[in-house]
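In structure tokens, one chain follows: the form predicted alone.
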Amino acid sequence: MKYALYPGCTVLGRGRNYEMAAREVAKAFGIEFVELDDFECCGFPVKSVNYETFMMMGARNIFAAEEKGLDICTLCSACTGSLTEVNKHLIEHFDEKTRIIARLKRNGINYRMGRDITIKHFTKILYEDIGVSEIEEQIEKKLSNLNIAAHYGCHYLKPTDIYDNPEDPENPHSLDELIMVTGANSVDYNEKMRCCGAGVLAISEDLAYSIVRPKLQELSKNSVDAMVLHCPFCSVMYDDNQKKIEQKFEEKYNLPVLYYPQLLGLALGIDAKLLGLRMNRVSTRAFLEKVGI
């Protein structure tokens, strides 16, 4: 199984622990990641400002993978949504695809049109391509004493009309099932489907932090061992900024926030150092001690 790995901007800048863990887990299941030098920003930040630029930026990444005959594995949910939207549009509008290729050529960027490809989040690859039953066969250490809160995030689920086999955005299940296959308990909670607030962070930190606060409050009161997510932007809010939110509201959460491949990696018996757990902003020391590491 081979994919062109598309890490996106945020992972490379602030989520190297996510990339480390994803690579280790991929190796465990025989997934080969191919590096493409032509990959650039997915275009998400400019979508609401200039849709044509958004389309061009997304298309360039898609064409780079098409030329190599590779489907794309994404790590960031926002990148997944952006590239999937552009890819769906190009597949359904061939004339638009040829127009964008011609425009890129005029700017000195040449691509040969290849087969249509798919864009898939790493979590979906694990859930759909590898499958829960095969993952379970490789579990070496059951994490049965852990209570884990799943955070799906918005772009992993929405908009449903751009995705194949979409989940119910109000009642998803894939991340919960992937958590439970490690032996951990995936807890249900009231604020489960709340947005992380990252979309407004650059406009109003106060508003962004107020969006995050209810989920952190609920989970810290419910003795949850960790939150598990799969998007670097969500991690920026819940992990990177957790201390700032504690200071702003004069509260204490001390909630470890892990990427799903980090949790799965522990259950597969992968060394915690290789999973980048020392790089998580909220200390994972007590969490690892509970796991027995």
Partner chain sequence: MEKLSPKFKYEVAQEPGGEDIKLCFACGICTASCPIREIDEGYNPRRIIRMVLLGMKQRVLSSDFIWFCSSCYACTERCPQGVRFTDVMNAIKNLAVKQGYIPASFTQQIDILKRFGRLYEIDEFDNKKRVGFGLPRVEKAKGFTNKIMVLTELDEIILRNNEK
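This structure is a prediction, so every number in the text was calculated from the model and none was measured. Numbering follows the first chain given and starts at 1.
The same protein also has a form predicted together with the partner chain, omitted here; what follows describes it.
Peer 1: Okay, which stretch from 140 to 148, 116 to 124, 196 to 204, 219 to 227 lines the partner chain in the predicted bound form, with non-hydrogen atoms inside 4.5 Å?
Peer 2: Correct option: 196 to 204.
Peer 1: Using a 4.5 Å heavy atom cut-off, which residue among 188, 170, 95, 92 comes into contact with the partner chain in the predicted bound form?
Peer 2: Of the candidates 188, 170, 95, 92, 170 is the one lying within 4.5 Å of the partner chain in the predicted bound form.
Peer 1: Which of these residues, 32, 251, 52, 67, gets a heavy atom within 4.5 Å of the partner chain in the predicted bound form?
Peer 2: Of the candidates 32, 251, 52, 67, 52 is the one lying within 4.5 Å of the partner chain in the predicted bound form.
Peer 1: I'd like to know if residue 101 sits close to the partner chain in the predicted bound form, meaning any non-hydrogen atom pair within 4.5 angstroms.
Peer 2: Looking in the predicted bound form, residue contacts with the partner chain do not include residue 101, since no heavy atom lies within 4.5 Å.
Peer 1: At the 4.5 Å heavy atom threshold, is residue 192 in contact with the partner chain in the predicted bound form?
Peer 2: Judged by the heavy-atom cut-off of 4.5 Å, residue 192 is well away from the partner chain in the predicted bound form.
Peer 1: Look up in the predicted bound form whether residue 280 has a non-hydrogen atom within 4.5 angstroms of the partner chain, and give yes or no.
Peer 2: Although the partner chain is absent here, residue 280 would stay clear of it in the predicted bound form, with no heavy atoms inside 4.5 Å.
Peer 1: Is residue 135 close enough to touch the partner chain in the predicted bound form, meaning at least one heavy atom pair within 4.5 Å?
Peer 2: Residue 135: no, not in contact with the partner chain in the predicted bound form.
Peer 1: Even though the partner chain is not shown here, does it sit in the predicted bound form so that 41, 56 and 211 each have a heavy atom within 4.5 Å?
Peer 2: Every residue of the spot touches the partner chain in the predicted bound form.
Peer 1: Within 79 to 114, which residues have a heavy atom closer than or equal to 4.5 Å from the partner chain in the predicted bound form?
Peer 2: Result: 85, 103, 104, 107, 108, 109, 111.
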